[in-house]
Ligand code: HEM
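Here we start with a single chain on its own, the form predicted on its own, put down as structure tokens.
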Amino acid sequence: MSVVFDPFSEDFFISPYETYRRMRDDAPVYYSQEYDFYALTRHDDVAAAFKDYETYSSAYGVDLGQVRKGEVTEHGSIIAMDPPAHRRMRSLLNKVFTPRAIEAQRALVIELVDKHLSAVDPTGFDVVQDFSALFPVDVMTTLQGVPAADRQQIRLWIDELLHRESGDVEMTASGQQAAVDMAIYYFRLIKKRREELGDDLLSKLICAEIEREDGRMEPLDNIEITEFATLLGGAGAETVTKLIGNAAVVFAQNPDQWELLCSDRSKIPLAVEELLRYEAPAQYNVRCSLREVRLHGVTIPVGKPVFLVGGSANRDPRAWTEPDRFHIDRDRTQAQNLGLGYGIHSCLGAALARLESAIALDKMLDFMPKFEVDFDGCKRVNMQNVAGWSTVPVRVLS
């Protein structure tokens, strides 16, 4: 029986790893007749493709619906850009997201993690809905200068625009409306912020200058800043939310590793890296082939969507020893962890995501040194690209 890779089916992300294994072994360059896309699943192939933007372009979008349209939009997010435009935008954001700037937010992250974790009922709460869905978007929108009353609305918009009905490639009507509403919200906030600058990210982007194609330095316009704001809001609302939800489930399944963390908190950063490898929130990214590619006996034509399945690459035994084992102390020199992307499109907020995740795990170790998950009550999200849990019921054990 031939392997079927359908990332739009309702049950796919329940357990994709057996499908990934069969794809790596039997169809390392997979072709979907139903959706007309190709997929790479072996670590060497995915890592190389992430770095080869001249072959695998981001400029046509980063999900299947966008790439199939075959259009490069005039105003696009940095994640949907190739060099040199990407280089100019990235260099601007790198000045804002310096290691020092991220570390300076440690106190804010601790404050918001404590705020939300202290509000839950240890006798029974939902790790996602009551905790991990709340604090990451609070962190990012606070940094952006979004008024407190509006911060969780950003998360609700993001959840809606990422949601896909089973079998559907395109955004739902309500998702399209959420995308419009969020863009309008940020656009208006940016216009208002121009009249009253502060120390937030939006103000810094307003004051920044970017190198244009002709070499001139110019400020960003409101639409460009809106694109940045929605991207950062989305990343702030989803990545850590899913990672911490995944953490509760994975550690409940591997209690020896939770006990290891309890006895040695210095291993928390290693745990974050292993969570990113073992069950990354972003399982794949989509690119468009700019030239014909011949790989493993298969020809990928020009202009086709190509899925770079990092979630499979991070479980490839050709790259990792015992890849299906969750092991905090594993040898990380074996291969590149693709959990936060790789190459020019590696996650811009990776340092902030790692900081938030490490602090959240540290606080969870204090709050719930022993806990149990109601696995029957767990429910997965059905989202474009993003894999994780929407509900993870937990009870703290005395």
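Since we're looking at a predicted model, the values are computed, not measured. In case it trips you up, residue 1 is the first one in the sequence shown, and so on.
The protein also exists as the form predicted together with protoporphyrin IX containing FE (HEM); that form is not presented, and the subsequent description refers to it.
Interface residue among Val72, Leu92, Val120, Leu231 relative to protoporphyrin IX containing FE (HEM) in the predicted bound form, by the heavy atom within 4.5 Å criterion: Leu231. The putative spot formed by Pro269, Ala360 and Leu365 is not touched by protoporphyrin IX containing FE (HEM) in the predicted bound form; no residue has a non-hydrogen atom within 4.5 angstroms of it. Protoporphyrin IX containing FE (HEM) is not shown here, and in the predicted bound form it never comes within 4.5 Å of any heavy atom of Val373.
In the predicted bound form, at least one heavy atom of Gly341 sits within 4.5 Å of a heavy atom of protoporphyrin IX containing FE (HEM). In the predicted bound form, protoporphyrin IX containing FE (HEM) lies within 4.5 Å of some heavy atom of Pro281. Under a 4.5 angstroms non-hydrogen atom cutoff, protoporphyrin IX containing FE (HEM) in the predicted bound form has Cys347 among its neighbouring residues. Only one segment in the set 329-337, 64-72, 348-356, 34-42 has any non-hydrogen atom within 4.5 angstroms of protoporphyrin IX containing FE (HEM) in the predicted bound form, and it is 348-356.
For the partner-free chain shown, Phe228, Leu231, Leu232, Ala235, Gly236, Thr239, Val240, Leu243 of 215-245 come within 4.5 angstroms of protoporphyrin IX containing FE (HEM) in the predicted bound form, judged by any non-hydrogen atom.
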